[in-house]
Structure formats: C-alpha cells, structure tokens
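The chain below stands alone and is given in structure tokens; this is the form predicted alone.
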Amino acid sequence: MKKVKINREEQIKWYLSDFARFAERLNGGSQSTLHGTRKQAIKQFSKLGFPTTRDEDWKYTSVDSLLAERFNLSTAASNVSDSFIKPLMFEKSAENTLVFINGHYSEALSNLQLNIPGLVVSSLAAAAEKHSELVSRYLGRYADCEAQAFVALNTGFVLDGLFIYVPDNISVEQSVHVIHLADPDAGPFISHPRSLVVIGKNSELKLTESYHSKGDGSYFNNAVSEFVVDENARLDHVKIQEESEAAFHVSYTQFQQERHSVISTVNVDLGGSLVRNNLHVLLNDENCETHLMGYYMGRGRQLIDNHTFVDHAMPNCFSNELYKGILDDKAQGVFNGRILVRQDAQKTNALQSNKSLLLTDDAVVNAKPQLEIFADDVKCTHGATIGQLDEEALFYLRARGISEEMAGAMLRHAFVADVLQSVKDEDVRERLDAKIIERFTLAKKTNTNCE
C-alpha cells in the first residue's frame, strides 16, 4: 500500500466533529437510551484511536491509506434504479431481499414476502421503533466496543442496518438476502451498517449478505454484525464482498452460540482496496458445532486481511475452519486464525487450515495460525501452506489440448472448490462459481513467473 503521512489526532477529531453533527440531526432521538450507548461508544473510540502496525493484531495491515482520506457521513440513500438492483438478486430469494444504499434501507427496492407469526425481518431503524425491547435486549451486547476501535466507531454512529428475529421453534425455509450497495457518485462517504440477528431455540435461518458498488469511487464501509444462535438452533450464513477496488471495507462479526447450536458461515472477498474482516465465535455451551469457511482473491495492490477467533468456552464442542486465498500481481493477504480452548472446555475438537496460492513473485501472504489450549483432553490441529500453481498439472492439461488460460482457471477452481461446496444455497453457489471462473479466465497471468 502507498505510504502517506498521517496525523491521527486530526483524524480522530474529524470523526468526533462528524459525530456532533450526526447527533444534532437526531432531534428527539438524541434523548433515547440508544443515544446513550452511542455517546459511550464514541467516547471509547476517542480513547482507543485507530490501530497501528505496532498493535499485534494489525502488524501486517496499515490503515494509513484509509486515514489519508476524509469521508463524509452518508446521510441519505442515493437514487438507484430497480433495474440496477435486480441482477444482484438471487432467483430463489428475490421475494425476501432487503436493500441498503450507502448504509440506508430502501423500502422501494426491497421485497419482503415472508409471513410467519412472530418473525421479524426489517431495517434496524424500523425495529428500534416497533420492537424497541428486543433491540435494546441484544444490540451492543456481543460486539466488543471496549477493545475494538472500529466497533466503537460503528456503535457511535449506529442508526440503520439489518434486524432479524426468529422466534423459538421456527424454521425459515426461504433464504433471506441482504444487498449492501455503495453509490460513491456524490463523493467519498462512510457508512456504518449494523446487523443484529437473533435465532431462537430450535429454529433455523439461511442468510446471504452481499456488498456491491455502483461506481469505482472511494468510500468506506465500517460494518458490525451480531448473531445470537440459541439452543439447538441453526444458521447458514454467506457473506460476499465484491466492492470497488478503490473501497475500504472493515467488518467485525460476532457469533454467540448456545447449547447444541450449529453455525456454518462462508466469507468470500473479491473486491476492495483494503479489506479487514474480524470474525469471532463464542461457543458458549456444550455440544456446539461451528464451520468457518473463507476464500479471497486479490489482484493489483489489494490487501485482504482475515482475522478469526474461535473461543471454545465449554466442553464437547467442534469447530472446523478452512480459509483459502489466491493472490495475483502485487496483492497482499493476511490470515490470523486464533483458537482458544479454555480450561473447562474438555473434549474439544478444533480444526484449522489456511492455504494460499501465489501467482506471482510479488504477491505476499502473511499467515499466523494460533492455538491456545488450557484443557488437557482435546484434539486440535492447525496448519498453513503457501504455494504456486503445480507446473506438472498445468503441463498435463495443456498436453490434452486445453488452452493455457483455461488450464490455469481449472487448477485455481479446483483449489477453492471445497470452500464453494460449503455454500448450501444452490443459487448463491452457482453465482459465486461463475464469478470466480470469470475472474480466473480473465486473469492476465496463468504461470508462476512475474512479468
């Protein structure tokens, strides 16, 4: 990333003054309990400041390029046509799609046909009015404002986002799709999307989130999500990020699991200039099951950083984590996977694997798998590999009349196939498959040498 001189104190003052203007626009909302939470969070943000590469968790990822720009807070949804949104929808979830433009809910572009007693699927702003007791019970209880500066910043500006509440004993058969579209035509902006998803006992939900861009301009999405998965509940979750390659994307996702719950989440990153995903899971009771899958593809000078933390707090739980990345040109990747097995978490079974494929000599990946085990009856493995395309396999395919471009695409697709197979929604999987193959076949380089 390009090195720039940054005055961090001035940047903090900029966001604090932005908060003052934001609070003035709230009118009566500034007297609410939620605004008290906002003020505490922005106060904590001013104490924490932005992370530097001297912080261990940010050792390989400098945010200086992000801080070099002044982003204006997005105040209203831009004018986006229905014809632009429709191609982003999935056929089977088109009737259950929520659309957010620059962080603001668009009722006109959304389509919600779910009609299940007790089920709430809405914007967070609407839920804060209609279901204030539910929102206040869960919002901000799980994402860490005390130590995470970007979480504190998001919480300080929390206004709109996604809210889903699934009551006990409800299986939502139809998949829900949330589209986050950025329209930077009016200039660089910052939005703070917030998601709160609560799944009751013995209930199930399938959710896909996708981030897109209408233009190539610079902007900053600072997203925070809280998922509460109660006893014997199940969540199938997919997040797709294909934003502008001039965009900044920082996300923090916290999963809270209770007894016998199951989570499967797949995270795919294709866009962004600087991308940082923090994904934390707390297995808070016995017999929880967690599957974390991820794939990222960087080109140019993209930097994509995935930090995961799986906290085994109770016994008899299972977690399986697989992250794969392909880096081209001078792209950089970071994977930091931390597994904590607490003293009471006997009979834990935790697996972690990170594999990276470098297509040029200039691409860089920093991998740091971590195991912290304080129990003595566990089964835990972790590992990281970094390699290049197999020349023999490439020669084998070329010898059978397959073009160099297609042979390279086939090998790369085979490399990520097991991650894509974890996407259970057929519509989503096929769309991802097509996008990834298209990226492979259009790649300028299909060998291991640098031009």
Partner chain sequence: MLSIKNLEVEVAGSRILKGLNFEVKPGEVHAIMGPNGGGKSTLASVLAGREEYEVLAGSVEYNGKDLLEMAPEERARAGVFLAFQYPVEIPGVSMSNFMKTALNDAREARGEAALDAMEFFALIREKLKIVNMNEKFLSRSINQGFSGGEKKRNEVFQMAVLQPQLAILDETDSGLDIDALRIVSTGVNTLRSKDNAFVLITHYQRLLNYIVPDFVHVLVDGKIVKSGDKSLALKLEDQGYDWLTDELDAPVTI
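Positions refer to the first chain, counted from 1. These numbers were taken from a predicted model, which means no experiment stands behind them.
Unshown form predicted together with its partner chain; subsequent notes refer to it.
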Identify, from the list 386, 48, 26, 402, the residue with a heavy atom within 4.5 Å of its partner chain in the predicted complex.
402
With the partner left out here, check for me: in the predicted complex, does some heavy atom of residue 390 sit within 4.5 Å of its partner chain?
yes
Is residue 410 one of the residues lying within 4.5 Å of its partner chain in the predicted complex, judged by heavy atom distances?
yes
Within 4.5 Å, heavy atoms only: does residue 70 come near its partner chain in the predicted complex?
no
Is it the case that residue 39, even though its partner is missing from this view, gets within 4.5 Å of its partner chain in the predicted complex, heavy atoms only?
no
For its partner chain in the predicted complex, the stretch among 422-430, 53-61, 378-386, 402-410 with residues bearing a heavy atom within 4.5 Å is 402-410
Along 333-354, which positions have a non-hydrogen atom within 4.5 Å of its partner chain in the predicted complex?
none
